[in-house]
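One chain comes next, on its own, written out as structure tokens in the form predicted on its own.
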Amino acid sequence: METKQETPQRAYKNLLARYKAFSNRIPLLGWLCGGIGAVLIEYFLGDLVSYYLGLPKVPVLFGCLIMLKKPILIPGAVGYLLLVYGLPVFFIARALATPANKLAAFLAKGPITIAALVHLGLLYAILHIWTDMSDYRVLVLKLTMIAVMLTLSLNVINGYMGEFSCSHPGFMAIGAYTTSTITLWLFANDKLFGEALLPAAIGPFFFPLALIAGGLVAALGALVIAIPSFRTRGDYLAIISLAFLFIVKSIIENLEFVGGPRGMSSQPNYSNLPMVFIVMVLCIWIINNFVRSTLGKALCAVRDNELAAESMTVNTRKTKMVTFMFGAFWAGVAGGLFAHVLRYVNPGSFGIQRLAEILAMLYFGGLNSVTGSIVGAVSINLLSEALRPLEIFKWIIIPLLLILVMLYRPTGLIAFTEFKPKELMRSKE
């Protein structure tokens, strides 16, 4: 009986050991090259492969939508994933393991910035080619990158600071409306603001400044919460921040010069894929540096034991206020991008459901981890899109999945793990 019980476990462990041994020989550069090969195969041969597998068209989201709409097409969709993505990535990464390791070792000798730009360039090439086949893919990818920014910025507050904030959709709304007001007022002929004050041609160059303005106004809104909240301890921040969310939503609904409950529309199309990608990369880089800085270490000390941190000369109230405003700033920037991706925004976009989505992404990925926030945002966002054909049942499956994660991984999938770009980009020879 013992042998029969141990055999499947040994087989699983052996399989896992072989996979680790294989993957440990291939650097990130090799996997990125495999990804480029896979998306190029899909770009040039996707229609042909889908035709011979009996699929009506190229799957837009890794075959998930096709499999849920028509279960009879599951074998074809799985075959498509293997032929277009799985096998090409595996064989190309394996074939290029040696040259990729040599290139990674060469890049490691130079500045980290050069190596990071090479890796980011390959990643963007994969995303650009993949989205070039469908406008739906472009929209899903943009919203996923915005979700990464929102989850990271909330993790700074709820994770690294150890407080529970419910105001992120409010900060997102402030950033969205501030940025939209600036771009519509200055660069668009709009029914709310009339004739454009400046030529539309300079709008894309001015857009980053509008995003920063939206983030700064959101940070000022965070200051309104922080001043009364951080005079006390306990759960007061959760109550005050939730009240702030409802106040912001109510104010926007009653401001006719920004559209009231009808919202604002016709925002200029400034949030293209390169813009959203660059802002997301900057967000990850800055937040990662922030949590690893002296202020970030002080923040973790405040989270673990506020009294002990005070005794070690840490200004706990100032640390909390700066962190809270920092997280709100990036939520405002994400809101500005969100408004210009959809080119329409209304108060209903920033309610309790939005808060639930951001919290789900945060706690699914894991607290106190930049990597966990990225994994959680990408996983929940793509899963939500993949389950869209199930309609109402989608909102049963996702909560059940979250419950399972909370039962077996209470801290999330990846928690208390530092994001180390140097380790990711190093050679594995």
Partner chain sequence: MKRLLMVIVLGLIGAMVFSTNVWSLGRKTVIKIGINAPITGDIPKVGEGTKYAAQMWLADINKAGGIEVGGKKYPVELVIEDNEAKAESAVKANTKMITDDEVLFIVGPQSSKQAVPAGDVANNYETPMITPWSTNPDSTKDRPYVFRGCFLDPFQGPVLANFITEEFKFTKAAVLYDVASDYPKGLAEFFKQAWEKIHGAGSVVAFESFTTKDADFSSQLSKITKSGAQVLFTPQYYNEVALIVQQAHELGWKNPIVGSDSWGSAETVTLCGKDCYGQFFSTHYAAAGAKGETKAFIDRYQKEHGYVPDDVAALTWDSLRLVQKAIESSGKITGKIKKDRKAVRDALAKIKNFKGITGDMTFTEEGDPIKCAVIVRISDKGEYEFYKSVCPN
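For clarity, every value in this text was computed on a predicted model and none was experimentally measured. Numbering follows the first chain given and starts at 1.
This protein has a second form, the form predicted in complex with the partner chain, left out of what is shown; the following refers to that one.
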item	value
The partner chain contact at residue 135 in the predicted bound form, heavy atom, 4.5 Å	yes
is_contact(residue 191, the partner chain) in the predicted bound form, heavy atom dist at most 4.5 Å	yes
4.5 Å heavy atom contact, residue 94 to the partner chain in the predicted bound form	no
Distance check, residue 256 to the partner chain in the predicted bound form, heavy atom within 4.5 Å	yes
Site check 26, 121 and 292: each within 4.5 Å of the partner chain in the predicted bound form by heavy atom	no
Proximity to the partner chain in the predicted bound form, single hit among 272, 265, 316, 98 (heavy atom within 4.5 Å)	265
Residue among 330, 338, 177, 324 with a heavy atom within 4.5 Å of the partner chain in the predicted bound form	338
Contact stretch among 346 to 354, 275 to 283, 178 to 186, 198 to 206 - heavy atom within 4.5 Å of the partner chain in the predicted bound form	346 to 354
Partner contacts in the predicted bound form for 35 to 59 (non-hydrogen atom within 4.5 angstroms of the partner chain)	48, 51, 52, 57, 58
